[in-house]
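There is one chain below, alone, in structure tokens, taken in the form predicted on its own.
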Amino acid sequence: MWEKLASIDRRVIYALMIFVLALALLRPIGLAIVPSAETKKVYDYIESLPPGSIVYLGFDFSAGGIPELMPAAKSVIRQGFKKDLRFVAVGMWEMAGDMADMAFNAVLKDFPNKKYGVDWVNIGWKPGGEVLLQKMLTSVNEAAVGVDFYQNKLDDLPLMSEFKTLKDAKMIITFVTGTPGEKEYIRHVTSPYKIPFAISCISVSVPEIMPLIQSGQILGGILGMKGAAEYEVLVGAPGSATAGMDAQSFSHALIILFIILGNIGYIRTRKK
């Protein structure tokens, strides 16, 4: 038996791996997902905000960041809508408007009472990079050239009558994959004006982000797909991040099983 296992066709192993991954992605169960302290800090702070608070969302990523950042964005929006918070979405990356549109549309089907211009606004990408942040500290309308992502006039949107400058935000959350990103917010906005700042980042950025969280410059972080899965669990809406973590867990378990069987087979057959 062990000799047969040792010579098994590798395509059988690939087929088993595909089956395990597909099963985990199609039927996520949230296997062994325990929210970390960094994720919990973001969730708890949003929970502490009074209804009606305006939260700024920075969609500072492109399509490549969707698998890790989009689940976090949707979960934050879902939590905010449950608490009757309001959102203004802007970004220093060119796909900011598209990413915000994707996130809000995915959540709005569960919140049909939320209205555009009243409960949320998608300003989208505006040129300037970190200069855009500096301009928004004096006038969001001028920085955005007076229009949102859908070419509506900002003056016609009720929410924007209360959100005149970036300093009107009760909290800033950025979803970021690179530069410009968190350092620009810290340098120009959150540190000088003491605005609470949280971040959602991709996994490879975690080592760079952690010192900023430990120093208090960032209050908490939704870190990579693991953090996004933790946030999905906290808001009670398991989604693609939970499925992704399940897929990783089950695939790792299958690999460990192969290693164990391989070593047992080697021990049982080495005398031959």
Partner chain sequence: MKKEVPIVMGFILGISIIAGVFVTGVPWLTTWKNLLDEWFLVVQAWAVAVGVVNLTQIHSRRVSQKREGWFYSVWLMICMFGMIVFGVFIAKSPQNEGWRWMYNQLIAPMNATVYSTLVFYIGAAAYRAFRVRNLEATVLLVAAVILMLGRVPLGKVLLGGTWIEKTADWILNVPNSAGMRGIQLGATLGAIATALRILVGIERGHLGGTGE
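Rigid core: the largest C-alpha set superposing within 1.5 Å between the two forms. Positions refer to the first chain, counted from 1. Keep in mind that this is a model prediction, so the values were computed, not measured.
The following text describes the form predicted together with its partner chain, which does not appear among the structures shown.
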Contact with its partner chain in the predicted bound form, heavy atom within 4.5 Å, among I46, L223, M70, I218 goes to L223
The stretch from 76 to 84, 129 to 137, 158 to 166, 108 to 116 that lies within 4.5 Å of its partner chain in the predicted bound form, judged by heavy atoms, is 129 to 137
### Message
Since the partner isn't included here, can you check whether its partner chain sits close to all of I13, V34 and I255 in the predicted bound form (heavy atom within 4.5 Å for each)?
### Response
yes
Note to self: Using a 4.5 angstroms cut-off on non-hydrogen atoms, would M245 count as touching its partner chain in the predicted bound form?
What the structure shows: yes
Partner contact for I195 in the predicted bound form: its partner chain, 4.5 angstroms, heavy atom: no
- [ ] Flag A237 as yes or no: does it have a non-hydrogen atom within 4.5 angstroms of any non-hydrogen atom of its partner chain in the predicted bound form?
- [x] no
inquiry  = Under a 4.5 Å heavy atom criterion, is A24 part of the interface with its partner chain in the predicted bound form?
reply    = no
Checked 64 to 94 against its partner chain in the predicted bound form; residues with a heavy atom within 4.5 Å, sequence order, are G64, E68, E94
_So, superposing on the core, is the move of E232 at the CA at least 2 angstroms between this form and the one not shown?_
no
| said: Superposing on the rigid core, I want to see if D246 changes position between this form and the one not shown - specifically a Cα shift of 2 Å or more. | reply: yes
